[in-house]
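For this one, two forms of the same chain are given in structure tokens, first as structure 1 and then as structure 2.
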Structure 1
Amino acid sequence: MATNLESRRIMTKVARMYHSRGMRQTEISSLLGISQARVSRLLSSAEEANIVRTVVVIPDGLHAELEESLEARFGLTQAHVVEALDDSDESGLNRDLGDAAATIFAALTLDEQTVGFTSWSASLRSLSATLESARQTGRVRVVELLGDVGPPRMQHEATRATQRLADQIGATALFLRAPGVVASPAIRDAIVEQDAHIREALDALDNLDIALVGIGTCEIHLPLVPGDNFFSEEQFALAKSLGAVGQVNLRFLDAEGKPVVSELDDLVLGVTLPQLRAARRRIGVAGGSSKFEAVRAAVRGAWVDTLITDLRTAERLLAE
């Protein structure tokens, strides 16, 4: 369907008759002198064109007790427990978490702030896809918290997600279009020296107001490939041998949530743990059984003050 003015007009008209007035398609078709099939198609187009928006508002407090317990136990500002629609489906879970995170993020007042965004995180990309903000904000900057990881396809998705988030909240995007993991500190320095945009982004990390952080395991899972702008098997093994059970934006944490310091830190182009800690709000969005230990480390170390996770992970976190 072309999206010119006239077709938008008729789509809107039909959509209002159908959704706002509650008329049946046959009524509309006879009133407008078109076929019912056309009305049906116009309605699909209107959804396509985002003229009709259907949102499912997840009522607060469906899991209020769990959330309060999490907040109390780990000193969180806010905990949100999301019910996964399908426990076996990892990507579905990420969407569910991202949707919930979008609602929570949209409720934050943004004004002259710097928002850190982990664009490689699946659930956070889902956040940016879901977010629908009608309101313009003040001078806000969105800065990527970590360079690229994985294949070129993921770089594109990351860029799009960041841009989209920035667009939605009327912010400026600061990209970190560089490898997230490099082979040596020297390469890292060379990259930083060469590119002013990257320096700008890295500078912005010193003054984060809100951070949307990614939480991950110490494993390599598809579509990530060892060494593809990413740590190798050996490097992960090294981190684990030092006690790491998870990582926050590729900064390793042990079971207690304490930083696992190593030479690996110098290979990462992204936010450091002290920079992260300085952010006023640190929002972690992660769930699923594989990430359990990592999530636990992140909350134990207070690397996030807002956690959005799934029911099962929430229960496991409290089960001890």
Structure 2
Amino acid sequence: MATNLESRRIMTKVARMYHSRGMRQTEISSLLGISQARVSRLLSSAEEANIVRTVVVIPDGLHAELEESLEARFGLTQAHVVEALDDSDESGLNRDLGDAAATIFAALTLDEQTVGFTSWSASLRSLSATLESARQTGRVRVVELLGDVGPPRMQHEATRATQRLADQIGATALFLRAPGVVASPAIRDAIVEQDAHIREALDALDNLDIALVGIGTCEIHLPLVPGDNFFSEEQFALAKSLGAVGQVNLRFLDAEGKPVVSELDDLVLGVTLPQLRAARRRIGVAGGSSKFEAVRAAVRGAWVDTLITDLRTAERLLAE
């Protein structure tokens, strides 16, 4: 049911761009990062599904006008609004967002590209679990955007998610098997110096084509615990005292989406904000009331150019 709904959503978006905005198929292909042949198939499918008549008919449960308003307000390339079954259930919401993200990601052309993946994000692990085979013809790499955080069980889940994503798109996986947060810059430098695989993964972050970005709060939530390859409560308090309201891949942002610079940056083993900014496409998959400020900071600062979020978060973003 969810997969069918997401397929109709993509058909509707492409149909509106073609019929309502008058865009050429080549323009749609370039903007959405999919092949022109797929654009043509989506337009044909939209007609067969009775979405396109003399006007574009938006099926129940889809929010095309809301998505276009988000794109215009925040300068997004794409916005996708998911009507979650229960947006008060965080784990269920993550699954709903991940399911939607899998459909969107599967449509991208990835040949010869480097895909950054935040394996500790629950919604992005759901994307990996849901994604069906979308193998590419060219050489593709999947590189983790952050080292390990949390207990061994969570690290194992992260590794499996990265490998599954790589397998489904026929890519080579580059793992960042090192603590995501270390005690000192000296320890970070020593870890990098001693492990060639870590250096290879970190070097790949300089050439990201697509980044699946992790968006988080300035709080500690189970199964994460303070100091377990993660920031402590005192370190989060420091970030908040400097104005942080959220973070992308453990890089802190203020309410306007500007970087909150501190010594904490030197303790993170993962993608930097300049590396993230340089990625050709930055996809954020997050929602829920607890992450609202973080999502708002991410779109205000243009740290993501594609946002996949829930209906309530989308409405709150526009209401402000």
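Counting starts at 1 with the first residue of structure 1 and goes up one by one along its sequence. Quick caveat, the model's predicted, so the values are computed rather than measured. Just so we're on the same page, rigid core means the largest C-alpha set that superposes within 1.5 Å between forms.
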Problem - Structure number of the form predicted alone - result: 2
Handout entry: Large Cα shift (2 Å or above) at Leu42 between the two structures, core-fitted
Key = yes
Exercise for the section: Kindly check if the Cα atom of Ser29 is displaced 2 angstroms or more between the two structures relative to the superposed rigid core. Expected result: yes
Problem - C-alpha of Ile10 off by 2 Å or more between the two structures on rigid core - result: yes
Exercise for the section: Look at the Cα of His19 between the two structures with the rigid core superposed and state its shift in Å. Expected result: 34.6
